[in-house]
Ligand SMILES: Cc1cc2nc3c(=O)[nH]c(=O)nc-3n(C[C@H](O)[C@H](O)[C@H](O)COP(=O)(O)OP(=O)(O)OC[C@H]3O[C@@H](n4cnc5c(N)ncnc54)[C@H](O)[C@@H]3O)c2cc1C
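One chain follows as structure tokens, the form predicted alone.
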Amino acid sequence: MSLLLERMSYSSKDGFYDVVIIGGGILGVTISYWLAQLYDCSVALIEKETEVAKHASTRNTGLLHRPFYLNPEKKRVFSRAAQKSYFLWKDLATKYNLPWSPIGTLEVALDDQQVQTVNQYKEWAIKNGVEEDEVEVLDSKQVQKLEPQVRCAGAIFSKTDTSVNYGEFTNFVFEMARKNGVKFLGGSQVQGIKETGENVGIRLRGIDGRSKEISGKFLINAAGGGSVDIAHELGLAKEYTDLHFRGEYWIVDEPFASKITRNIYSVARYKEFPFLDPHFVIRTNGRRQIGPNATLVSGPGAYKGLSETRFQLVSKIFERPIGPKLKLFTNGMFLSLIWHEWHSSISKKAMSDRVKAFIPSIDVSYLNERGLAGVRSSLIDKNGFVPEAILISGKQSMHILNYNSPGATGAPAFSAYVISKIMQEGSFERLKKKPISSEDQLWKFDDASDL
């Protein structure tokens, strides 16, 4: 890559923009929407696929989480973004008739220690702004009355957790952004980035194999699983690297599937690692599925097998910094969990056995088709897995790293928060603000960005 960068002229002959956004997922799209609403400026949205929302923004559980399980002090920004964005998404779905199914979620405790956890969740929910009547702590008998197939020591019932289609949400907001002037550079793979004077130059390769160069005054890196690599290209975030974990699901067949009418989650046992205990999830189309596991793979697009390409696997193993990975891969607990996650990837019986811990009547015979897999990219440093999203400012750029669950839930407010941070740093002072009437606003920026 370095030789390529040396050869790049960045003449801007193919296009110049005030702001360039890399990443056509739910975060990049909502950022582009806010920019197009607030400023009279040129905005380019770069996406390697020919459409938006083709990866994590669609390949997820499709659940809009209320922030009952987020520590309001340690995860303040995420919890506030989730709380504010619930109402933003609800307004959008109601006004434009998008899928919205308030099924609710039971997060179950399997022992007395986890019962203490769900009691803590109730306190967190109230501190995060959730109304008291929206969450309820239940004992085992109350849970069984609501969901006869579920067995547990207790649970928290988040009544307004909602099943949605984030792919549809993203595409709707994208069309609003495009109507406001955002230019979509789809089918464009980033090949290199370099700061040149007062601009940022970007080399792109199209799906036809041809290269072109664009440049912009400011770059926003919202590339999800590729965001760390892009930050590294500009000499930033060198202390961080990432690991990628594929979450896999099995579709639950009838007649058993419809016996459960709410989303069922279980309290995570290993919170220092990104290994999610399995869920029973109901999609907006009514389809039920169980999962995910967290299978270690080489990259954000490895939806099958270990790697998209052999080179990618080798590159991931030896990329720098190596220290954080070596520390993890000499951790016996981590290695043991990696093996168990792989086992549940290979064996659907292993997956069903994990779910039997709280739905004992589920049987492997009900699992005959795999669901849609997704990949979560987790940031690591010398201390292990980084728990929060991180914003890193460059000379002419902002980089959003480790933006994970409940990322889709909180995207409208978090993206507004990102824009407000860039504003505070003075990087948008030269841009001309638009006069905005209430009729022009899908959402109100000042309310959304106040996290």
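Please read all numbers here as calculations on a predicted model, not as lab measurements. The first residue of the sequence shown is number 1, and the count goes up from there.
Keep in mind the form predicted together with this ligand is missing from the figure; the text below concerns it.
Proximity of residue 397 to this ligand in the predicted complex: non-hydrogen atoms within 4.5 Å are absent; the residue sits far from the partner. In the predicted complex, no heavy atom of residue 121 sits within 4.5 Å of this ligand. Using a 4.5 angstroms limit between non-hydrogen atoms, residue 125 is distant from this ligand in the predicted complex.
The closest non-hydrogen atom of residue 292 lies within 4.5 Å of this ligand in the predicted complex. Contact with this ligand in the predicted complex, defined as a heavy atom within 4.5 Å, is made by all three of 28, 60 and 189.
The contact with this ligand in the predicted complex, taken as any heavy atom within 4.5 Å, belongs to 46 out of 43, 46, 70, 413. Put simply, of 138, 230, 153, 92 only one has a heavy atom within 4.5 Å of this ligand in the predicted complex, and it is 230. Note that among 111-119, 92-100, 331-339, 373-381, the stretch whose heavy atoms approach this ligand to within 4.5 Å in the predicted complex is 373-381. Along 191-229, a non-hydrogen atom within 4.5 Å of this ligand in the predicted complex is carried by 222, 223, 224, 226, in order along the sequence.
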